[in-house]
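Take a look at this one chain, the form predicted on its own, written out in C-alpha cells.
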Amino acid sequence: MIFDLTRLPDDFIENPHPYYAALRECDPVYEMPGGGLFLTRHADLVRVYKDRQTFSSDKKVEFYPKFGDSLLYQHHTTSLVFNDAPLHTRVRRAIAGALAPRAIVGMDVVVRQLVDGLVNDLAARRQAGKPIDAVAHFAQNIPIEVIGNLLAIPRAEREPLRDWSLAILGALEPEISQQQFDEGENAVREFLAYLEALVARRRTEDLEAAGDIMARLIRETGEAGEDANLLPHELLQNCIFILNAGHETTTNLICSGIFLLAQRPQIVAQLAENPELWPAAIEEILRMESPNQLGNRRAVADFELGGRSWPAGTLITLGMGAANRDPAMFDQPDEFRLDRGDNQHLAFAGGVHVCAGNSIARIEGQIALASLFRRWPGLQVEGGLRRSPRVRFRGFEFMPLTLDGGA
C-alpha cells in the first residue's frame, strides 16, 4: 500500500486504525514516498525512544526548511519536547520539578470543583433546552483553567489562550498552508508579548513563597553563566509549551473518552459499580485514541531496523496511535478492556521524553469523565459530530450531546 501523511485517504481522519493495522502487518518499517520511515510496531517505537545515541529529538534540521527564521522556528526548537541533552536535561529538570506529584498536591480538589461547576452548567443548559457541545461547553474549559491556574494567569486574561495554542500546534502538521503558518506565527508573537509582560509583573512580587509553576520557573531562570536551569527566552518559550502540551491533548482525551464510553454502556455500568476501575478506563482511552498520534526523530548514526540498514540523517515518524493497537503488545487491541493490568501504551511517548505533565492529564481526565457519566450514565453523542482534521492530534471540533439517564 502507498501511505503518505500529506495525501491521506478521505476516511483516514474518521478512522485511521485500519490503515495503521495494514502497515503494521505488511510494512511496519515503511519508507514513505516523500522520504523517511513510518513506524507502527510498539517494540520499534520503544527502541527508538530508548536509544538516544542513535535517534535525536532535536528538530532544527527538519524545522528550518518548513519555518525558516521565524518565531515558530524559535519556539519549536526551544521547547522541551524538541531537544536533546544537555538542553533537554536542564530544561526538563526545571519543568518536571514544577509538575512533579509533590508539587501538585491538592490539584484533584481544584479540578473536582471546576468540573462540578461545569457539570452544573451543562445541567442548566439541558434544563433550558439549549444545545450542548462536549468540546466548547465542557472539555476545553478544564485544561485551560487548570493550566491557567498552574501558570497563575489571571482569569480575565485567559480568553486568547486556546486560540493561540491551536494555531501554534496546527503548524506542526506534516503539511501546512500559508494561512496556517501565518496564524501560528502571529500566535507565537502575541503569546510571547503577553508572557513577557506577565513575567515582568510577577517579578515585582515576592515569589519565594509562591507555589505556582510560573513562580517556580522564574526562580529557575537566570542569565547565561549563572547557576540557572532556564535562560530568560527559554522561560517564555516553555510556558507556551506547557500550555500547548497540556491543553489540546487533555481536551482530546476527555472528548475521546466521552465518544468511546457513550458507545459502551456496559463499561459505563461496570464503572458505576466499581469506580476504582476508572484509572484503568483512562489508560484504555489513552491507548485506543491517543490524543497525540505521531512523534518524530532523526537518526544521527547508521542503524538497522526491519531487517535493513538505514543511514544517519534518516527521518522517522513514530506512529503512536498505531503502536498502541499492536496485537504483539496488546491482546484484543481493538477492544476496550478494563483488565489489561500493566497497560504499557505510548500515548505520553516514552524514554526521557515521556510527557512531564502526564499525572495532571490523568487527574483531569478521570475526574471529568467520572463526574459526567455519574451524572448522566446514558448520555449520547448525537449526529453532526465533527472531528479535528489534524493527523498529529486526534480529537474533535464539535461533539453534540444529549444528556440522558440523570438529573
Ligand code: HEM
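As the structure is a computational prediction, the values presented were derived from the model and not from experiment. Don't overthink the numbering: it's just position in the shown sequence, from 1.
We do not show the form predicted together with the named molecule, though everything after this point is about it.
K.L.:
Under a 4.5 angstroms heavy atom criterion, identify the one residue in Leu338, Val29, Val352, Val61 near the named molecule in the model of the complex.
P.N.:
Only one listed residue qualifies here, and that residue is Val352.
K.L.:
Quick one: from Leu217, Ile258, Ala139, Ala245, grab the residue that has a heavy atom within 4.5 Å of the named molecule in the model of the complex.
P.N.:
Looking at the other structure, the residue within range turns out to be Ala245.
K.L.:
Flag this candidate site as yes only if Trp278, Arg287 and Pro333 all have a heavy atom within 4.5 Å of the named molecule in the model of the complex; otherwise mark no.
P.N.:
Verified in the model of the complex; spot residues all out of contact, no.
K.L.:
Looking at the partner-bound form in the model of the complex, is Ala323 within 4.5 Å of the named molecule by any heavy atom?
P.N.:
Result no; Ala323 lies far from the named molecule in the model of the complex.
K.L.:
Are any of the heavy atoms in Ala361 no more than 4.5 Å from a heavy atom of the named molecule in the model of the complex?
P.N.:
Yes, contact at 4.5 Å.
K.L.:
So in the model of the complex, does His75 come within 4.5 Å of the named molecule, heavy atom to heavy atom?
P.N.:
Close contact is absent here: in the model of the complex, His75 is far from the named molecule, nothing within 4.5 Å, heavy atoms only.
K.L.:
Quick check on Ala347: any heavy atom within 4.5 Å of the named molecule in the model of the complex?
P.N.:
Looking in the model of the complex, residue contacts with the named molecule include Ala347, since a heavy atom lies within 4.5 Å.
K.L.:
Picking from 245 to 253, 266 to 274, 130 to 138, 180 to 188, which part of the chain touches the named molecule in the model of the complex when contact means heavy atoms within 4.5 Å?
P.N.:
This holds for exactly one stretch, 245 to 253.
K.L.:
If you apply a 4.5 angstroms heavy atom cut-off, which residues in 131 to 160 are near the named molecule in the model of the complex?
P.N.:
Stretch hits, in order: Ile147, Leu150.
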